[in-house]
Ligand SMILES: C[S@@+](CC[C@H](N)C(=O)[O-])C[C@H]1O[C@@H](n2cnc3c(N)ncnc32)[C@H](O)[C@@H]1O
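Encoded as structure tokens, the following chain is the form predicted alone, with no partner shown.
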């Protein structure tokens, strides 16, 4: 079943989705730093196989990534060039010093951490000034069921649990407030699925937000 779901996920929407997500996320990060020659240090939290970070970097080479996730790195990957930028963390405390990065990214990660999302956002605000979040908004029971089905197809095959619920606009705002972060930009619809999936999966189920550490928050 797990192999089937991984194959279905990759065959149906994975490559198209990753490309569109990476373009949108990379664009948001570049907008934060208008100087074209600035090297931007970024951390991808919940990076998985690092495909998102690497795709963004290929189009935006001035963005230099570190990556972290809760999984132990297999022995055969230790010392390989690709995985030198990977570091395991415990799921709550980021193993980096204050203000280590310009940007922290959570791409389809925080809904797996409810209701503790504000704790991770606070950690992100500790290690970086800006936080970029790609996640989902549920609009009711039907959209929740749709998102859970997508999570089952996209994540269960990789051993990631399917959440019971997702953010709505109010709960995401509350999480940001509790973390001491201000929402600078909100894109509340992302056309990331190819036809014919785009006909049945509303763009408003996806959002991309840029957050900034509040001025009174010190690190």
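Numbering follows the first chain given and starts at 1. Quick caveat: nothing in here was measured; it's all calculated off a predicted structure.
One more form of this protein exists, namely the form predicted together with this ligand; it is left out here, but the text below deals with it.
Peer 1: Does this ligand come within 4.5 Å of a heavy atom in each of 121, 135 and 180 in the predicted bound form?
Peer 2: So, no: the whole triplet misses this ligand.
Peer 1: Name the residue from 43, 176, 192, 52 that puts a heavy atom within 4.5 Å of this ligand in the predicted bound form.
Peer 2: Selected option: 52.
Peer 1: Mind telling me which stretch in 122 to 130, 76 to 84, 103 to 111, 139 to 147 gets its heavy atoms within 4.5 Å of this ligand in the predicted bound form?
Peer 2: Of the options given, it is 103 to 111.
Peer 1: So in the predicted bound form, does residue 20 come within 4.5 Å of this ligand, heavy atom to heavy atom?
Peer 2: No, residue 20 is distant from the partner.
Peer 1: Quick one: does residue 69 come within 4.5 Å of this ligand in the predicted bound form, counting heavy atoms only?
Peer 2: Although this ligand is absent here, residue 69 would touch it in the predicted bound form, with heavy atoms inside 4.5 Å.
Peer 1: Wondering, does residue 163 line up within 4.5 Å of this ligand in the predicted bound form on heavy atoms?
Peer 2: Residue 163: no contact with this ligand in the predicted bound form.
Peer 1: Evaluate residue 29 for contact with this ligand in the predicted bound form, applying a 4.5 angstroms cut-off between non-hydrogen atoms, and reply yes or no.
Peer 2: Contact with this ligand, no.
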